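In the block that follows, a single chain appears as structure tokens, in the form predicted on its own.
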């Protein structure tokens, strides 16, 4: 049976924690994000979170049904970071491009959290609000509902897929990440044209591009395709 979550008014601590803070849902989520950044997913436990908050581990369960409930709250928080301060320009393509880059950047700012959460569907307020914005932009641009949903599906999955891919790279130990990056220069750039003519011909371009995220290019390709469909 799932644990009962105590209502906000009943669960609020009446005195500060050992760190001098009054516990809130938001404080726990922010502390969990910091712990993920510093220790990775393996370091995020109720016991460690309680220690970081200066409270007993069981206190976390007054705010969340379990650690997976906290993970979903973290995912929702990242969507909140993505849309914070955003306002529409009225240009649907520019607005979607900015939103896509904001979502990608919000996840890459917290790579360990991104790997843990980007594949989840939360149904929580910030995620729902973001989806409403994206669908509103597409419907407002004139896309029929079926096309708006199809493009929304491709748009959000693309942004989250690249977020996981790029965040996983950032989450690697520095030495491993540097070794991966050097492969393009040390291996691909040295392949002979006699055996690998296409790689050899494009090697300088590969070295220049392949350690950067392809997300902006993929996003522009998706939006160009959608724009062509709308014009047609």
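Positions refer to the first chain, counted from 1. Bear in mind the structure is a predicted one, so any value in this text is a computation, not a measurement. Note that the rigid core is defined as the largest set of C-alphas that superpose within 1.5 Å between two forms.
Keep in mind that the form predicted in complex with a further copy of the same chain is missing from the display, and what follows is about it.
- Interface residue among 47, 34, 190, 196 relative to a further copy of the same chain in the model of the complex, by the heavy atom within 4.5 Å criterion: 196.
- Interface membership of residue 202, defined by any non-hydrogen atom within 4.5 Å of a further copy of the same chain in the model of the complex, is confirmed.
- Contact check for residue 61: every heavy atom lies farther than 4.5 Å from a further copy of the same chain in the model of the complex.
- Not displayed here, a further copy of the same chain is approached by residue 121 to within 4.5 Å at the level of heavy atoms in the model of the complex.
- Contact check for residue 30: every heavy atom lies farther than 4.5 Å from a further copy of the same chain in the model of the complex.
- Every residue of the trio 136, 162 and 209 has some heavy atom no more than 4.5 Å from a further copy of the same chain in the model of the complex.
- Remark: of stretches 169-177, 53-61, 35-43, 22-30, the one touching a further copy of the same chain in the model of the complex is 169-177 (heavy atom within 4.5 Å).
- Residues from 203-232 that approach a further copy of the same chain in the model of the complex with a non-hydrogen atom closer than or equal to 4.5 Å are 205, 206, 209, 210, 212, 214, 217, 218, 221, 222, 224, 225, 226, 229, in the order they occur in the chain.
- Put the two forms on the same core and the Cα of residue 166 is off by less than 2 Å between the shown form and the other one.
- Comparing the forms between the shown form and the other one, the C-alpha position of residue 175 differs by 2 angstroms or more, with the core used for superposition.
- Shown here is a form in which the CA atoms of residue 160 and residue 111 lie at least 3 Å farther apart than they do in the model of the complex.
- Distance between the C-alpha atoms of residue 118 and residue 149: shorter in the model of the complex than here (change of 3 Å or more).
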